[in-house]
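Here's a solo chain for you in structure tokens, the form predicted alone.
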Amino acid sequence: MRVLLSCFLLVLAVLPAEAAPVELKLWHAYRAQERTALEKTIALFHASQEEIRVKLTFISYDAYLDKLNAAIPLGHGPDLFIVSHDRIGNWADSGMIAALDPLLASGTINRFFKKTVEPLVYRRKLYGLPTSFKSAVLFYNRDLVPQAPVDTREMIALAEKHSGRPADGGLPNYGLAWEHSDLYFHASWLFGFGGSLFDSAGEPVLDSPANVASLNFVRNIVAERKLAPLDVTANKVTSLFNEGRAAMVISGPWFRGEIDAQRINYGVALLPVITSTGRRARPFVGTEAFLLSARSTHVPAAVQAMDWLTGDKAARVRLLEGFQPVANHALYDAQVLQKRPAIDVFRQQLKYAVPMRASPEMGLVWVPIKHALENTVRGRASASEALAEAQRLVRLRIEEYRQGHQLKDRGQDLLPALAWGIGGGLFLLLLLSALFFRRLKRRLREVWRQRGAYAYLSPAVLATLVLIFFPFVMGLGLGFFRYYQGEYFFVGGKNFVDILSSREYSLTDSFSFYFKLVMTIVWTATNVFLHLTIGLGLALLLKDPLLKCKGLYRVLLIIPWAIPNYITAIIWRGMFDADSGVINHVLGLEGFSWWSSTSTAFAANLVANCWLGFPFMMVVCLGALQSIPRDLYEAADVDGASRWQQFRQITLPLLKPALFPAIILGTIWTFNMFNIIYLVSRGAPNGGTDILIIEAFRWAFERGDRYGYAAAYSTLIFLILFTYTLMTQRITKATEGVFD
């Protein structure tokens, strides 16, 4: 029996073990119906075979791209991920994604519309398989516009019919609404007028006559005829349409999910023909696609999964259940189109759409074009002047980007630079140790005698080093490097020299470092003054012993400080809206745009931040006032001192020890106040209300990923605040004796 058991175990040992299925990680940012449809296609894929299992991970779109950029280079990212095509150029150059040409079976891409494949090709290599495409179309309210307009003349006539303020004096209506300062939507008019962004050699041609004509067309509709809202966001477009206050809207396929279909009987149509040119409006077409991580260890399985999940069977599920305009041309048959007629409009619009470039240069035109549109629509510059400035900035950005090739060729300079930096740091440390040897020796003896106390402090010191000191040193060092194609190259002090010399702009230009510095100082000084004045005034009122319900007033007045500041910013942004904002309603400024000039936009930011900041000063002052002995005021009354004399001779001097540290902290907080400006005025007009910290953010994430330049900006901000803190402490002696 024992022999038989041994033979049986031996047979089991030599039999081939069943291979475990390959597990692929797939990241996505789909929501609602799109997410449900994707999950169903994954289930169908699992049912079709047993060798591969796909693990889905949902990541919020706000953090999606950052997580991809952080995880993939370290090998912790997904094997596959679904994303729009616009980052393909940067990711391909930095080696984050793999080209699919040698991996796909012959004829695979033939199942897709050609225009949906073109955005996925970069430097003649294919980097993705399309899932769906997106382009702008015309949505219209059938109750207001029974038939979609054929050309722009008819569109303008219909818009004029449904624009204006109603007889009862309610909120204004608009015949047309779209994000007119966004290049994605403006592309419909730009290409429709025969314009272009780049020539055949890849050079920018933003200031062409056709582009100028497209900007003048938008200005005529928005600013002159007032057929579309001047202050507009994606949320406002949605709310106007759902409230029946916008007869027509230009948007993409995602807009269908935002429409209140129970209230609005809507239709979808092609964008109209531009009457003056005879060409139909030609929007951008972008492609969402499966991309393959260059760090994937399961490439054959990943390619097999991509091929199946973009096949006709899976695409049918995404079209019918996810309401996506899929890229597979075979699915647009009579049966499908009968069920989803709106989807067919996107297929028809695709014939006139222009594939969006995937090159990094494309990412450099968005902000300059946005500013050109805003300046033209709001009358700050003519269309030709605005586009000439945009052309200058884009050329400058592209030249700087292309200089990265030269930096990459000199990559060997990085090691000597690091060696010199480390060696110089060690030499400086030894020199300082020699110069201050006695003082250092005495300090080390004191630390050793009090080592027990320092042991208790060590967790806090360690946390400070990890969370503050090390990131600060990393940011400081990053200011001496240039980022290009996923790598950093040493450039010495070039970033600091370019910033301080204002090489790219004149000193009075709104993008100049010195303009931002002056704006930041004015912003900080006015805010701190108002915070202190309002806070101290309210504290004096709440200190009055005859005041009833003081507890209730304190709770109500501290609420603005308790609410997260980004929520406060969003609320104030809505209150300053040109059409439906309560501020304009109270002041009788119907249709007035606060974001058209620097002074009014600054005032709006100031009001919002004062509402947010005065409670801190009020609490500090109230606590300090309660610590002042009543005997001093009684003695002053006996001596006949007036209220003003008591305030100047007793209250203010005794408040100084509490006020000076509060003012220093308030200055630092306000100097770096990001949320209010970024969410209220959003830098309008044309970056004129941005302060230094927001400018650093925009250089890092909105102007070609210039991380080193942004780090240099941040270092200069630190030096300014560090100098300010040392000066104020020396003058006010606010922290004197604290560390004794």
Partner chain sequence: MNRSGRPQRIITHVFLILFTAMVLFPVAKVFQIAFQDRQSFDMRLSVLPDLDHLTLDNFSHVVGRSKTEGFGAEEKQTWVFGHQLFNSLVVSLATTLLGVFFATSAAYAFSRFRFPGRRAGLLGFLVIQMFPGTMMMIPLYILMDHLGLLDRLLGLILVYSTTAIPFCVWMLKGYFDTIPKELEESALIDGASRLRIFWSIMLPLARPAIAVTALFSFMTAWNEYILAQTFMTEEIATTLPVMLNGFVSKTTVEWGHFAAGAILVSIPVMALFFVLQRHLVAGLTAGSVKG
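Numbering follows the first chain given and starts at 1. Between two forms, the rigid core is defined as the largest C-alpha subset superposing within 1.5 Å. These numbers come from a predicted model, not from an experiment.
Although it is not shown, the form predicted in complex with its partner chain is what the next lines describe.
- Partner contact region in the model of the complex: 656-664, out of 656-664, 151-159, 267-275, 388-396, criterion any non-hydrogen atom within 4.5 Å of its partner chain.
- With the partner omitted from this view, the residue of Leu652, Ile668, Val299, Ala525 that lies near its partner chain in the model of the complex is Ile668 [heavy atom within 4.5 Å].
- Between its partner chain and the residues Ala330, Leu457, Val497, Leu104, the one pair within 4.5 Å by heavy atoms in the model of the complex involves Leu457.
- Although the partner is absent here, Ala710 is a contact residue: one of its heavy atoms lies within 4.5 angstroms of its partner chain in the model of the complex.
- Taking the partner from elsewhere, Tyr553 is found to have a heavy atom lying within 4.5 Å of its partner chain in the model of the complex.
- Taking the partner from elsewhere, Tyr514 is found to have every heavy atom lying beyond 4.5 Å of its partner chain in the model of the complex.
- For Ala453, a non-hydrogen atom is located within 4.5 Å of its partner chain in the model of the complex, even though that partner is not displayed.
- Shown here without its partner chain, the chain has Trp27, Arg31, Arg35 in 25-40 lying with a heavy atom within 4.5 Å of that partner in the model of the complex.
- The Cα shift for Ser196 between this form and the one not shown, taken after rigid core superposition, is smaller than 2 angstroms.
- Residue displacement note: Asp333 has its CA displaced by under 2 Å between this form and the one not shown (rigid core superposed).
- Core-aligned CA deviation for Val145 between this form and the one not shown: less than 2 Å.
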